[in-house]
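Just the one chain here, the form predicted on its own, laid out as structure tokens.
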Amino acid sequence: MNDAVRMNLAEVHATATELLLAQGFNDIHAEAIANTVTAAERDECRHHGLFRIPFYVNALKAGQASPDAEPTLTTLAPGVIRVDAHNGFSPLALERGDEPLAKLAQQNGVAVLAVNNALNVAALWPEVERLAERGLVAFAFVSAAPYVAPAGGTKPLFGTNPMAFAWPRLDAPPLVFDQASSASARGEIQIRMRDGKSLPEGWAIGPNGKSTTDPKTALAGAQLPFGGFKGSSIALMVELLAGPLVGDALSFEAGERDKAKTGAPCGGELIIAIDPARCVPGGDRKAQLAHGELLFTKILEQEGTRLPSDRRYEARKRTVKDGVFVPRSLYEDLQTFRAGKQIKKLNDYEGDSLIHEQALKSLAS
């Protein structure tokens, strides 16, 4: 990669931790966020790696995120745990809820974790992957800020509303997918704007409600759900699961609360964990998972196929050995944070605060 800084994963973690501490996060929040950022860099999910540091800082400096809130856990029912993040970012709350959720699922067969009042700008796959590594089947749902119009509509209402799923495997890392209910991720549109590229048809509409392939017009208008009414129904489901079901905000409500336009919505997340051994007579986990492997084998027999998460696992093998490449301009910008300063015009990006202008220009494709 041209003009990039090579960093090993320990350096990524140390850098993220130092930057967050310098900006005012306490030790445990800085550590949890750095864990999430490092996992993303490790798996070459760069949009959730060091690139996200400005999001965390911007929300903190705007007074919308707590730098030191300790999440609190409450048992709501025999199979339901609630973790209140108290307006802190989600990584620490998710770490606090991980083991209690897993134990409850192993005890009852199925358990639910309701996360409340958490700012979330991270991917969903880390939390479900951790549960699958414990031998559990896992689902996660989270809403976002209002960017996506419902099918047939013209105004932003839903978030990009991702959902994640993980399935444990016998002799391989878990099968995991994490995907939005919109036709594209928000960042994909912004990257195309940066690079002067047009959008595929069906990704977005402009403020006039007409289809557009221009990224700038799309960011001023609304994204579209994938598959029309099918994706819209999934987005609706995620809104209800991550909002009213757990007593938290809908995407449009989270957007209204983001007064400083940080692009870091505060809301809820629903995580479901199932112990597969408790779902069949006799609890023959090996037979269950072997049956799943039969499906995976049949998929891979067809040329051109792959399993979800395979690319991330291949990247993981490379980066553990060779490190990661961080665009120099992004690396240099982040050193400003190390000094306890902010990048100027942090949320000045054509009226869309999700990705600030300086970081967007510096992020490599």
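Please read all numbers here as calculations on a predicted model, not as lab measurements. Start at 1 with the first residue shown and count on from there.
Missing here is the form predicted together with a small molecule; even so, the following discussion is about that form.
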For this session: Can you work out whether the small molecule is within 4.5 angstroms of a heavy atom in all three of Thr36, Arg46 and Glu95 in the model of the complex?
Result: no
For this session: Examine Asp178 and determine whether its closest non-hydrogen atom to the small molecule in the model of the complex is within 4.5 angstroms.
Result: yes
Exercise. Any of the heavy atoms of Pro308 lying within 4.5 Å of the small molecule in the model of the complex?
Worked result: yes
Exercise. Is Pro215 close enough to the small molecule in the model of the complex to count, meaning some heavy atom within 4.5 Å?
Worked result: no
Exercise. How about Ala185: is it within 4.5 Å of the small molecule in the model of the complex, going by heavy atoms?
Worked result: yes
For this session: Quick one: find which of 124-132, 217-225, 234-242, 81-89 has residues within 4.5 Å of the small molecule in the model of the complex by heavy atom distance.
Result: 124-132
For this session: Please pick, from Pro71, Pro162, Pro168, Pro146, the one residue with any non-hydrogen atom lying within 4.5 angstroms of the small molecule in the model of the complex.
Result: Pro162
Exercise. Since exactly one of Val142, Ala138, Ala204, Leu113 fits, which has a heavy atom within 4.5 Å of the small molecule in the model of the complex?
Worked result: Val142
